[in-house]
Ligand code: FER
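A single chain comes next, written as C-alpha cells; it is the form predicted alone.
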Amino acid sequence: MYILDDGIRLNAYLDMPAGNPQKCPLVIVIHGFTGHSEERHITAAARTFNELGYAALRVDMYGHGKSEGTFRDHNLYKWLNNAMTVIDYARKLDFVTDIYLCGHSQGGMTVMLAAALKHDVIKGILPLSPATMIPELARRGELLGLKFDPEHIPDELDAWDGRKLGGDYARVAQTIRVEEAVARYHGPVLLVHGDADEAVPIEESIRAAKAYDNARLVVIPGDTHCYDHHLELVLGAIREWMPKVKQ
C-alpha cells in the first residue's frame, strides 16, 4: 500500500493483530537513516505490537526503502512531514482507537519531533536508540563522521556505501531543537538503547529520559545500535510497557 504525501508515494505495510478486530490501537513504526520497513528489528517490533493486540503501520520514509524520493535529497523536515501525514492517515482509519509512535535511530528522533507537534493525538511514543545528536553535530560541523565548516556547508556530503547526501540535510538539521520537542510532549515514553551502541551514544537516551515528564529507559546490556545480540530484550521491554500505558 502507499500513502501520498505532497505527491510522493510512501510505501507502507499494515500489520493487523490476530482476528482482525473491528477496533484496536495502532502503532506507526519508522525505521532509521539508510534503513527500511523490512529490517529485522522493525518487523520484530511490529510483530510484538500485533501479539499485544495493536495494529502496526510500518512506513518507508522519503528516499528510503520502496518509497519515492531520493536518499540524497531526504532531510529531517521531509521525514517530519511524512510522519505527520501518516498520523493523519491513521486517524482516518475506522478501526483505530489510539495512535502510538515507534521509531529507530533517525526514526526515533522523528517520532519525538512528531509527538511534540501532534501531542494531542499521540497516546505514547517508543524511541529506540534515537539519534538525537544529529542536530547538534550538524551545528558543530561533524555530521556522518565528516567535518565541515558549519557556516559554509558543502552542496554534497559523503554518506557511506558510495551514497551521497545533499548539504541541505545538514542545513535543516542545524535548525532542529530536540530539547524543545521533548518539552512539548507530556505523554508516556519508552526509550530503549544498547549500551554498546556504535552509532548513537547511550547518553542521548539517558538525557532524554531525564527531560521527559513520563519516561522509562531500558538499557540493553552489551547490545549494538540495531540490537544484533539481544533483540529479545527490546521486545520484552515493549511487552512489559505497552499494557501499562493502555490501562
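Quantities reported herein were computed from a predicted structural model and do not represent experimental measurements. Numbers follow the displayed sequence, beginning with 1.
The form predicted in complex with the named molecule exists for this protein as well; it is not shown, and the discussion that follows is about that form.
Asker: Just one of 137-145, 95-103, 117-125, 81-89 has residues with a heavy atom within 4.5 Å of the named molecule in the model of the complex, so point it out.
Answerer: Heavy atoms within 4.5 Å of the named molecule in the model of the complex occur in 137-145.
Asker: Quick check on I176: any heavy atom within 4.5 Å of the named molecule in the model of the complex?
Answerer: Taking the distances in the model of the complex, the answer for I176 is no, it never comes within 4.5 Å of the named molecule.
Asker: Using a 4.5 angstroms cut-off on non-hydrogen atoms, would M133 count as touching the named molecule in the model of the complex?
Answerer: M133: contacts the named molecule in the model of the complex.
Asker: Using heavy atoms and a 4.5 Å limit, would one call A199 a contact residue for the named molecule in the model of the complex?
Answerer: Contact check for A199: yes, within 4.5 Å of the named molecule in the model of the complex.
Asker: Since only the chain is shown here, I'm wondering whether G194 would be in contact with the named molecule in the model of the complex (any heavy atom pair within 4.5 Å).
Answerer: Close contact is absent here: in the model of the complex, G194 is far from the named molecule, nothing within 4.5 Å, heavy atoms only.
Asker: From the list Y212, F33, Y62, Y54, which entry has a heavy atom within 4.5 Å of the named molecule in the model of the complex?
Answerer: Exactly one listed residue reaches within 4.5 Å, namely F33.
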